[in-house]
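Take a look at this single chain in structure tokens; it is the form predicted on its own.
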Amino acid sequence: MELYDIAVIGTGPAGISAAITATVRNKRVLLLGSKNLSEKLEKAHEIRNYPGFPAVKGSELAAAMKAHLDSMGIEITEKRVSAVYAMGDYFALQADQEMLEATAVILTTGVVQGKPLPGEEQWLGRGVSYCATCDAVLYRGRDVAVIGYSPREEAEAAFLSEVCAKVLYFPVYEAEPILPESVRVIREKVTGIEADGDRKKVVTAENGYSVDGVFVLREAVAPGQLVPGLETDGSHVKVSRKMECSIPGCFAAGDITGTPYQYIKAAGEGNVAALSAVSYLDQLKRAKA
């Protein structure tokens, strides 16, 4: 298995900045995220404070960032990272059905909006999962529910329908889901997840639905759940001025570190995080010499 120097999780301005800086410093970089970069950036009507781009549309700035990545040969790996484990002198990343490895990690996943559902954290790993591709095999021939926070999650639900006996899909968005007929779409507001004997129950404002497993699929996982043991402050990661997290070798940048939620701040922090990660790698190298 290839061991990357630095894994950057997220393709917003912070992640792109970090990947560019780390590549300039001749590090082997794994950039994980969407090839469409940041939906938030893409939809920005006008950005007025990004140096060199006065009154630029978000889509135009995103196109410029993508062109910068392409010019440097930096590829984006479109895999959903559901967990990052500190293994001592490296990190193991659960990305879909693969385990990837990197000596250092930079978190640029943005801020997770809203609080976890009641019962979500309590039953995580015991009937609640954040990765359908990873855990589908555990529910082969059984009943599952998918709580999808964007149309992107429909592909995961469709995949589960090929493996599981029954799939219930609870969309947390307005668009009409496009799913196989075997997937039952339920337009009810989910209020929590409870135990139901050996099974779990998805509770809505109107009913309760008993299933064997529940998949809560969001664009981003809360940092404390993504990286076990990471020190957080609510939905944000605690960092030093060098963008260092509480776990050695782990860094963070952008909205995930707190306000202000601005693109220029995110890009600057991405640069600092990459330089700090490079310094961390150099320290490890000297220690092993």
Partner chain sequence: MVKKINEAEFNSEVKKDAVAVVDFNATWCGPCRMLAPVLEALSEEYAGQVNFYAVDVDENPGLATQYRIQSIPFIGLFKNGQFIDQSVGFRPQAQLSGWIRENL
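The term rigid core refers to the maximal set of C-alpha atoms that superpose within 1.5 Å between the two forms. Here the structure is a predicted model, which is why all the values come from computation and not from measurement. Residue numbers count along the first chain shown, from 1.
There is another form of this protein, the form predicted together with the partner chain, and it is not shown here; the text below is about that form.
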Query - Residues R126, T133 and I247 all lining the partner chain in the predicted complex, heavy atom within 4.5 Å - result: yes
Requested in this report: Given that the partner is absent here, state which listed stretch (177-185, 149-157, 136-144, 72-80) has heavy atoms within 4.5 Å of the partner chain in the predicted complex.
Outcome: 136-144
Report task. Using a 4.5 Å heavy atom cut-off, state whether M87 contacts the partner chain in the predicted complex. Result -> yes
Requested in this report: Using the partner position in the predicted complex, report whether A195 sits within 4.5 Å of the partner chain, counting heavy atoms only.
Outcome: no
Requested in this report: Evaluate G229 for contact with the partner chain in the predicted complex, applying a 4.5 angstroms cut-off between non-hydrogen atoms, and reply yes or no.
Outcome: yes
Report task. Answer yes if any heavy atom of A165 is within 4.5 Å of a heavy atom of the partner chain in the predicted complex; otherwise answer no. Result -> no
Requested in this report: Superpose on the rigid core, then tell me if the C-alpha of V144 is displaced by 2 angstroms or more between the shown form and the other one.
Outcome: yes
Query raised in the report: Relative to the superposed rigid core, does the CA atom of W123 travel 2 Å or more between the shown form and the other one?
Result: yes
Requested in this report: Spell out whether the Cα of K79 moves at least 2 Å between the shown form and the other one when the two forms are superposed on their rigid core.
Outcome: no
